[in-house]
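Take a look at this single chain in structure tokens; it is the form predicted on its own.
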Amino acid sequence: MENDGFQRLDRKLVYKAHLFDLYEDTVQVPNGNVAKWDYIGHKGAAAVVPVLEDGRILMVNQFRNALDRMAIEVPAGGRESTDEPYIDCAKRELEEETGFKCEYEDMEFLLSLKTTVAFCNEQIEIYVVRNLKKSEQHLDEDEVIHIKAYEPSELRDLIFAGKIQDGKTIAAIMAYLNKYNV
């Protein structure tokens, strides 16, 4: 029942981008019809919920071109390859974006999510990180990231007020609040 009668007949690369590859799939559906579907292949990403000693959570505020505005998000970034372990990506992105680092033993897996299952295979693994140590941001040349610590209840309020709309961030914060009864 896994494919329930659907069969991919062909996959053609249409466009190779920096962050993803765009394909056109030819799929036979259970009634015998053949359909053309778009598919985005993505290397995956990792995100972190960085919790300070006082319980506040570090968030990044950065410009998002697709929104044409700044967005409040959990620190996150793409894997360098499909072979890179998600935890390594999470550790790297934490330091690059926030200027804080951690040890592997201070990272706890929270959840894994697929961002857009209708047309993309992107998977994001999210970790809760504690015992943060000050380091330095290592931003890309096109990044400008502002860091701010929030009370967990403040983040919940921002989500329900529509001020935080990023899916991975909503999933990460709500899962964290639920798991730890914050």
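Start at 1 and count along the sequence shown; that's the residue number. Since we're looking at a predicted model, the values are computed, not measured.
One more form of this protein exists, namely the form predicted together with a further copy of the same chain; it is left out here, but the text below deals with it.
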Next on the checklist: Residue-level contact is defined here as any heavy atom of the residue lying within 4.5 Å of a further copy of the same chain in the predicted bound form; does Asp54 satisfy this criterion?
Outcome noted: no
Checklist entry - Quick one: is Glu136 in contact with a further copy of the same chain in the predicted bound form, heavy atoms, 4.5 Å cut-off? => result no
Next on the checklist: in the predicted bound form, does Arg130 come within 4.5 Å of a further copy of the same chain, counting heavy atoms only?
Outcome noted: no
Item to check | 4.5 angstroms heavy atom contact with a further copy of the same chain in the predicted bound form for Glu93 | outcome: no
Next on the checklist: At 4.5 Å, heavy atom to heavy atom, what parts of 7-32 sit next to a further copy of the same chain in the predicted bound form? List them in sequence order, or say none.
Outcome noted: Arg8, Arg11, Val14, Tyr15, Ala17, His18, Leu19, Phe20, Leu22, Glu24, Asp25, Val27, Val29, Pro30, Asn31
